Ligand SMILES: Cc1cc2nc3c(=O)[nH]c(=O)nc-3n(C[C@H](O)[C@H](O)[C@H](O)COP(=O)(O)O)c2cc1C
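A single chain, nothing else alongside it, follows as C-alpha cells in the form predicted on its own.
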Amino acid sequence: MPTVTEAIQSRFSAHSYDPTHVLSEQDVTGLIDLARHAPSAFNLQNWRFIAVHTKEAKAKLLPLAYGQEKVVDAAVTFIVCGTLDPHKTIAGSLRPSVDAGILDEATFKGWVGAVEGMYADNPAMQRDEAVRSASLAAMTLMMVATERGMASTPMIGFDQAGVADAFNLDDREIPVMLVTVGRAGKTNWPQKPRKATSDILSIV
C-alpha cells in the first residue's frame, strides 16, 4: 500500500486499461465511500457519482466520450457531478454534524444563513462551487484508486449535454468530468514531468 507521498508521485493518467479486470459493485461502492470524505465549502457535499459499470452502460457512454476506448476497457467510469442550489440542501448536509456534537445550533444556523446569502441568488457562484467540489471529490477518488493498486484518468473530453440526457441527470447536476478506474494496461506512459516548484510558487 503506497503512502500518500508515493501515491502522488507515482499516479499517472492512464490511456490503456486491462479490459479483463472486473470490479464488484461492492468494490465500486467502496471507492465512493472514501471519495465522499473530500472537502467542500461549508461541508456542502454538493456532488453525485454515477458509476458506469455494466457493458450496456459503457456502450452508451462510448460515443458520448468521443469513442475513447478507455471508458469501455476500464473496470468502471464515474460520471462526477457537481450539484447546484446548495442553499436548498445545506441544512440536511450539516444536521449530522450537529447531531454528532461537532457544530452547535448557533453555528449551524449561521452557516445555513451564510449559504443562503452567498448562493441563492448567484447562479455563477453556484456553478463555480459545484465544479470545485466535484473536482476535489474526483481527485480524492483517484488517490483512493492509486492506493488500491489501480490506475485512473480524469476526462473532460465528452459530450456534457449528451451524458446528462443519456444518464438522466436532473437540471441541478453538472457532469464535471469522467474518471475511469481499473487495472492499468501495458502501454501507458509514466507520470509526466511537472514544472519546477520554483516556477509555480511564490512565498510572501
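Throughout, we count residues from 1 along the sequence that is shown. Only a predicted model underlies this, so the values are computations on that prediction, with no experimental measurement involved.
Just so it is clear, the following notes concern the form predicted in complex with the named molecule, a form of the same protein that is not shown.
Colleague: Looking at 162-170, 63-71, 47-55, 26-34, which stretch has residues with any non-hydrogen atom within 4.5 Å of the named molecule in the predicted bound form?
Modeller: This holds for exactly one stretch, 63-71.
Colleague: Heavy atom to heavy atom, is K195 within 4.5 Å of the named molecule in the predicted bound form?
Modeller: Although the named molecule is absent here, K195 would stay clear of it in the predicted bound form, with no heavy atoms inside 4.5 Å.
Colleague: Check R11 for me: does it contact the named molecule in the predicted bound form (non-hydrogen atoms, 4.5 angstroms)?
Modeller: It does: once the named molecule is placed as it appears in the predicted bound form, R11 has a heavy atom within 4.5 Å of it.
Colleague: Heavy atom to heavy atom, is M143 within 4.5 Å of the named molecule in the predicted bound form?
Modeller: No.
Colleague: Might G157 be said to contact the named molecule in the predicted bound form, defining contact as any heavy atom within 4.5 Å?
Modeller: Taking the distances in the predicted bound form, the answer for G157 is yes, it comes within 4.5 Å of the named molecule.
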